[in-house]
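Take a look at this one chain, the form predicted alone, written out in structure tokens.
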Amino acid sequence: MTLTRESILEAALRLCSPEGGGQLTFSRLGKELGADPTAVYRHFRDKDELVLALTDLVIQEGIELARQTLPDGPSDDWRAWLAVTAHSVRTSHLARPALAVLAAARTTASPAETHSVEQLISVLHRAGLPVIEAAECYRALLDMTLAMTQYTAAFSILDRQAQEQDEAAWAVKYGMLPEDEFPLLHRSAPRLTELFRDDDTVFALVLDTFLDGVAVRIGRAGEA
């Protein structure tokens, strides 16, 4: 089999998925490709270069997901576009949790990434924010989205014993706290336990809260 850059990237994406075992190493990549792991170095200098290339593919996928959800692209409804973008970024990354852990903190400066940044700043600027403030809100949106996505991805690739241990901490330890000492935690522990198992709901809550804050800033800018 003749290795190509594309075939290596496809194999690496498979390894980063839950079905692929959720672990990316050159040795596992070589086995997946049926080739000596050193052959990968002919196309990628090191694992970091591979991760950046994979990150760019995930960014492109997230952009395409957003376009499929809102085929007419950004409109005057800035909130809808930012929400769709955030959920699309999260979805594309969580499809390969092992990569999400590595990619969430990286910057590719690829055409896909830079055009997306320009578009998001433009949407916020057209909504009424000064350019610098629009850029700040873009950065906050993406950082929040990627940080929460990385958290979800990191937990998902823990072994089941570790996951169950954390779940038990909420369901048992927090649930058994004495009511006289922790009255508010005692009342809210059942809901906190539910939310521990539902990162998507927590993300939607945080995103809505963030967008409410952006709406306040847009209103304030309009009054200035």
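All values reported here derive from a predicted model rather than from experimental measurement. Heads up: residue numbers just count along the shown sequence, starting at 1.
From this point on, the text means the form predicted in complex with a further copy of the same chain, which you will not see here.
Site residues 23, 50 and 67 are none of them in contact with a further copy of the same chain in the predicted bound form, judged by any heavy atom within 4.5 Å. In the predicted bound form, at least one heavy atom of residue 138 sits within 4.5 Å of a further copy of the same chain. Shown alone here, residue 34 lies farther than 4.5 Å from a further copy of the same chain in the predicted bound form, counting heavy atoms only. With a 4.5 Å cutoff on heavy atoms, residue 214 counts as touching a further copy of the same chain in the predicted bound form. Remark: residue 61 does not count among the residues lining a further copy of the same chain in the predicted bound form, judged by a heavy atom distance of 4.5 Å or less. In the predicted bound form, 151, 154, 155, 158, 162, 165, 166, 169, 170, 173, 174, 177 are the residues of 151 to 180 with at least one heavy atom within 4.5 Å of a further copy of the same chain, listed from first to last.
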